[in-house]
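The chain below stands alone, shown as structure tokens; this is the form predicted on its own.
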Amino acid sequence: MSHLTYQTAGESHGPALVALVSGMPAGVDVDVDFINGELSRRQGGYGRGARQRIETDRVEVLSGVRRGRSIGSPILLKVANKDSRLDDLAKTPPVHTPRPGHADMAGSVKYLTTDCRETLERASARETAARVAAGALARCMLRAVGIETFGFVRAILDATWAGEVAEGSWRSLVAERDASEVYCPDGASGAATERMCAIIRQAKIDKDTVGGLVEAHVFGCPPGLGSTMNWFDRLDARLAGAVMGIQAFKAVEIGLGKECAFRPGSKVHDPIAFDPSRSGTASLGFVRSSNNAGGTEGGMTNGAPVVVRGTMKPIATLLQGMPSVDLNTKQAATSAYERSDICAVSAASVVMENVVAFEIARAVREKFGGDSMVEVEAQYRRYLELARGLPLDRG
């Protein structure tokens, strides 16, 4: 089987979140410490709420792994909830006044109930813990073929980091990102981080919330992941869908994104050149003087780094509440408050980095097949050998 998929289950205040990953080849070194590190990063970031002081997210591998390696069967990952109180009506009472911007009202009508609780528990961003676990597992597989990802916060309101992320220097930014309270790799100056933190502090004073921009860069992808033959196989579309599937995300851009609308073609399309000194890399020697395409053309990777940017809206739970309606009486009311964050953009950058990685891993599985990592790696190397030998004599 070469089709890599995952499904999550669990509610915000249920016993646990779980992710069932199918299609992982046998022989992947499953780095539990790395997965736990990503779960810990998802819990961090300036502006997070009290829930993060209750939970200590750790993954428990329940199936599909033996002695630290995948065995080819479905892998079940569990992240337990310490704050498990879904059936305790005193602690998780019915919610009849939906929050504007949340799934509350639409979900209640959809399931023909006036209690928003059952929708909001599943719609909660707490579910992303399971997605981070699945994505981090996929990254364990990607390591074997030299593909790595880097995610960070680009902006919160008008505070923006204008730095560049380059293929040759991105590793130096990892420590800077991890040292930032908001996961912004602004280095020694810390100016962007300081401004972002100030914005979040003011939002808390105002009983408001703030969103922002996050980015993920993927390095080491060879040309040809994804497909242009069917719309549903286009990698850029799949990446966009995965990112838009993250709670509170309202826009996705690949590479230059919406800026393409404001430039002529000569200022958008990336010139192609060939550098023999780089023919031994995954790019096969094809180089670009720019990467406005964000590493994809025609629904396929082109050998340049894949660049994805996501817009997270402000969290829909405001301390001050917002005008709403009581679903039972249809009378005006102030929206209910559920314990939440002032800003979760930092956490969102971790989620996006990992869901992007999972989609790249899916494309790798589809391209190179194989039941074991030995086969995947062998077919990956053979593909690069054939590509370097172009043009091929097909008789």
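One-based numbering along the sequence shown. Nothing here was measured: the structure is a model prediction, and the numbers come from that model.
The following text describes the form predicted together with a further copy of the same chain, which does not appear among the structures shown.
With a 4.5 Å cutoff on heavy atoms, Glu359 counts as touching a further copy of the same chain in the predicted complex. Contact check for Gly369: a heavy atom falls within 4.5 Å of a further copy of the same chain in the predicted complex. Proximity of Ile71 to a further copy of the same chain in the predicted complex falls within the 4.5 Å heavy atom cutoff. When a further copy of the same chain is considered in the predicted complex, Val174 lies well away from it, no heavy atom lying within 4.5 Å. Partner contacts here mean any heavy atom within 4.5 Å of a further copy of the same chain in the predicted complex, and among 135-143, 166-174, 182-190, 259-267 they occur only in 259-267. If you check a further copy of the same chain in the predicted complex, you find no heavy atom from any of Val30, Ile147 and Ser340 within 4.5 Å. In the predicted complex, Gln320, Met322, Pro323, Ser324, Val325, Leu327, Asn328, Lys330 are the residues of 319-350 with at least one heavy atom within 4.5 Å of a further copy of the same chain, listed from first to last.
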